[in-house]
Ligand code: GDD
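The chain that follows stands alone, in the form predicted on its own, written as structure tokens.
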């Protein structure tokens, strides 16, 4: 079993964390997002993962110099230019010589989906493509899918206007595809699997879908990125609560860390309070500082008595002055992003 994993996006919603790092290499608790995605694939029998690269491709090669990720063989396919979702999948599959049924998925989705059941449904229905679906409260941000009783897709509506969606079941970003689907994607030209390929397959009756209420989160925004990690601490995925404080981190005796992740070599000084937040590797939180519902990037520093609140994001290596209060801010500010 082989899988194409899309990791080529710019990660704009997670800036400034992603100004110098692809989002799939950001940590989720104490391992990277891509390690969690690939590890899950390895558990269900995937033997090779093709990473469809775009943004900062060398970062992945440097992270996995032996060409393996959590025991799974990696193959790299670097787009010459952004080709959108279908274009990226097709480019990667062709580059890797995929000529049999394969998986394709987004590299920023963390899920407990039963991929084996998805694969089995695909084979049973004789589908050209089969999509995993998940229910959400607000489907307007996603591709909404309407099926008949046997799972055949009748409508595929990409990002419907709020209040107009005929269903709350959305495209969950995991697909089983036949190689014939690649014939629908012209080489070298951008193409969207959601807007171009799936509607065409639906019109010919060869697109199927499987709904699942298994854990699912698109970790591509600061809010969701924090939530994905707090879900791990709360045991929402495995059922077992995990410790968010890395054994190599320092937390002073009078500091309080509540429902938060503190990375390796990070330091939390006396009197500091960290709640519902992510403090990454090597970050330093000064005495009596408050970090609440926010992200402090690796090697960043927050001065004494400072407050970082309300989904603030402190970029890697950046500093917050002592006694300064930030609410919903980014450091550096957006106007300085390049």
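Please read all numbers here as calculations on a predicted model, not as lab measurements. Numbering follows the first chain given and starts at 1.
There is another form of this protein, the form predicted together with the named molecule, and it is not shown here; the text below is about that form.
When you look in the predicted bound form, the only residue of 115, 255, 103, 109 with a non-hydrogen atom within 4.5 Å of the named molecule is 109. Of the candidate stretches 267 to 275, 22 to 30, 290 to 298, 38 to 46, only 22 to 30 has residues whose heavy atoms lie within 4.5 Å of the named molecule in the predicted bound form.
Contact between residue 7 and the named molecule in the predicted bound form is found at the 4.5 Å heavy atom cutoff.
Although the partner is absent from this view, residue 53 contacts the named molecule in the predicted bound form, with a non-hydrogen atom inside 4.5 angstroms. Using a 4.5 Å cutoff between non-hydrogen atoms, residue 76 does not count as a contact of the named molecule in the predicted bound form. When contacts are judged by a 4.5 Å heavy atom cut-off, residue 13 counts as touching the named molecule in the predicted bound form.
In the predicted bound form, the named molecule lies within 4.5 angstroms of a heavy atom of only one residue of 178 to 195, namely 194.
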